[in-house]
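Next up: just one chain, as C-alpha cells, the form predicted on its own.
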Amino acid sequence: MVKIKISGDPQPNIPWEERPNECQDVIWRYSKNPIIHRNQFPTSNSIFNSAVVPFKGKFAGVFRCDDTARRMNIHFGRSEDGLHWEIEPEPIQFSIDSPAILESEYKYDPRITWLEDRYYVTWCNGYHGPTIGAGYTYDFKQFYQIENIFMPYNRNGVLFPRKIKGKFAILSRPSDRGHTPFGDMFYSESPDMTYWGCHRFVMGTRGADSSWQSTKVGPGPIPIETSEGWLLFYHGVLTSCNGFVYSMGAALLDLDEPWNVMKRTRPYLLSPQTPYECVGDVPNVVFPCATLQDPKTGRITIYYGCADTVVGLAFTYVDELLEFIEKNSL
C-alpha cells in the first residue's frame, strides 16, 4: 500500500528492476546500465543528460547528442519499453515565428514536461552565452521554438508540470559563460511563457556538513507532485583535487510556494562509483534529467547522464525515498 500519493495517471509499463538482495540503498542502479551508449548512431560521440516522457502507451524523448565534430544538439527518440531507443541521427528542426529566435551556437541538457495541452521542451541554448531555450510539441513530429526564457547566463531550466497560482513556473541555475565554478537554484514565474519575473531564491550550496553539494546545485528532472510536496531530484557538485564531481540528491518543496525548501538530503543519493559514471568525456558525473513514475505502485525510474558520455537508469520507491529524506535532511 503506497502511503505517499503521486499526482498523475498510472504508468504500469515504466522500466523497472527490483532492488538487488545485497543492496541496502534507497536508490539502486539498473543492472544493465548504460541503456544508451555513446555510439548509438554513426555520427554520435556521446549521448547523455536527456529527457524522457510517456507517450501514447510508449515513450518519447529528447536526447543530448554530441556528434563527432563535437557539436552539441538535441535529437528526438522513441521507445517501446523505455529501455531500447531509436534516436534520430539528425537534430530536431524547430519551426519559428522570428528568425532571431533560431540563432543558437549549441543546444544541450533538455527537459520535457507535459503541461496542459502540449509537451514543453527546455534546454541550455547557446545565444551569446548559455541561456534557457524553450519550445513545444503536440506530437513529437513538429516542434515549435519560442522565446528564450532568460538572458544569458543561465542553465538547467526545469518547468513545473502545472501552473502555480495561475502562472507558469520554472527552476533554473544562473551561471556565467564558462564551466561555472558556482551555482544556486532559483524559482521564476510567467503569465505567458514569454515574460518572466518574481524570482525567488530556492537553495544554495553547503559547506563541510554536506560537501558533495559545496560548489553548485541545480535542478534535475521535472518536479514530481506528491501529497507531501514537490519532490525534486537535483545535482550537487564537489570540487575535488581532480576536478568537479557531480552527484544526485533530493529535496521536498512546498506545493504552493516552491521556493520554500521543507527538506533536503544531507547525504547524496547516488554518486559516481561505477566505471561508466567515473570514466568518460567528463569523469565523475551523475546528472539526473528525467523521471517516470507510477502512482499506483510508488515506483520512480530515474534517467541520468553518466560521465557526460552515456545514459543510465536508477530506481526508487516514493515512500522509501521520502522517509529517507525525512531522516537525513539538512
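So that there is no doubt, residue numbering starts at 1 and follows the sequence shown. The shown structure was predicted, so the numbers you read here are calculated from the model rather than taken from an experiment.
Heads up, the form predicted together with a small molecule isn't pictured, but that's what we're talking about next.
In the predicted complex, do 6, 226 and 294 all put a heavy atom within 4.5 Å of the small molecule?
-> No, none of 6, 226 and 294 comes within 4.5 Å of the small molecule in the predicted complex.
Contact residue in the predicted complex, from 51, 285, 47, 269 (heavy atom within 4.5 Å of the small molecule) = Selected residue: 285.
Have a look at 196, 186, 136, 108 for me and say which one sits with a heavy atom within 4.5 Å of the small molecule in the predicted complex.
-> By the 4.5 Å criterion, the partner-contacting residue is 108.
Exactly one stretch in 39 to 47, 270 to 278, 285 to 293, 25 to 33 has heavy atoms within 4.5 Å of the small molecule in the predicted complex; which is it?
-> Heavy-atom contact with the partner occurs in 285 to 293.
Give a yes or no for residue 216: in the predicted complex, does one of its heavy atoms lie within 4.5 Å of a heavy atom belonging to the small molecule?
-> Within the cut-off, so yes.
Should residue 246 be classed as touching the small molecule in the predicted complex when contacts are defined as heavy atoms within 4.5 Å?
-> Because a heavy atom of residue 246 falls inside 4.5 Å of the small molecule in the predicted complex, the answer is yes.
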